[in-house]
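Only one chain is given next, in structure tokens, and it is the form predicted on its own.
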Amino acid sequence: MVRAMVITLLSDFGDLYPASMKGVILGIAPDANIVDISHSIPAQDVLAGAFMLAASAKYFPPGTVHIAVVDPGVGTKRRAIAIRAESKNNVIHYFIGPDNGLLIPAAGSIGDFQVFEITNKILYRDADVSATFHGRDIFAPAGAHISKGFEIENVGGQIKDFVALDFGKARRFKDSIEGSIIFIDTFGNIITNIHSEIVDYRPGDVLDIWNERIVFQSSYGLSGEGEPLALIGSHSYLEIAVNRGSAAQFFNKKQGDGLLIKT
């Protein structure tokens, strides 16, 4: 049995624009299984888009093509790129989108990767590419063709000077960890760049964060309603939450703010 090809979509487009991207994809690859990761990325927030893509991509099957468009530089000299990422056990994923760092953390979460600039106009929707909608006219058709077996080496030349993006490096000291907020989710949970690899807290430990005493827990419901807590989320980063509430509102914090955790 042949497995249906999977194409994911992620953007800051909201309700209107993803439909035409899907139409273009299905016109080229009618058997594609299109999965929406999200079209509710905050407008032009490349960092938030990069986090959501990196948190989701590795759970899709081998051969998945991820088309992601959070693109404040659309219509400028920024490049369109395609990435082939391969894990240590030879699982391959493809990433299509703008060269603004959006795709890089997700590609790195798979494994080693190669980046190619999309210049082969065979992949474009037609000769009249919109200066404001590369998602429809370049990224969607390129991703659809790659999902059908178009060799990524033929999209254009390989590049080494792509725009890199990461979530910053948290720093561990003797009795503290310093990091920053990289994402705030729908629940108002504050997701930091402090990876579980440098965290050795145990449930019940009391942490000092933003002048509040916060208990480290293994899940949200182990704290009382309205109480703040810290935990390692399903994405493997430390997050600050409020049980049945919004930590972002409770602490009045936003993406990019720093934090220092003391024990």
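Not measured: the values here are computed from a predicted model. All residue numbers refer to positions in the sequence shown, first residue = 1.
What follows is about the form predicted together with another copy of the chain, which we do not show.
Taking another copy of the chain as it sits in the predicted complex, is Q255 near enough to touch it, meaning that at least one heavy atom pair lies within 4.5 angstroms?
The answer is no: Q255 has no heavy atom within 4.5 Å of another copy of the chain.
Residue contact check: A43 to another copy of the chain in the predicted complex, 4.5 Å heavy atom:
Yes - in the predicted complex, heavy atoms of A43 and another copy of the chain come within 4.5 Å of each other.
Looking at the partner-bound form in the predicted complex, is G224 within 4.5 Å of another copy of the chain by any heavy atom?
Although another copy of the chain is absent here, G224 would stay clear of it in the predicted complex, with no heavy atoms inside 4.5 Å.
Taking heavy atoms and a 4.5 Å cut-off, does F113 contact another copy of the chain in the predicted complex?
Contact check for F113: no, nothing within 4.5 Å of another copy of the chain in the predicted complex.
In the predicted complex, which of the listed residues (I122, A164, I159, A131) lies with a heavy atom within 4.5 Å of another copy of the chain?
The residue from I122, A164, I159, A131 that makes the contact is A131.
At 4.5 Å between heavy atoms, only one of the stretches 80-88, 114-122, 144-152, 67-75 reaches another copy of the chain in the predicted complex; which one is it?
Of the options given, it is 67-75.
Determine the residues of 218-237 with a heavy atom within 4.5 Å of another copy of the chain in the predicted complex and present them in sequence order; the list may be empty.
S218, S219, Y220, G221, L222, L231, I232, G233, S234, H235, in sequence order.
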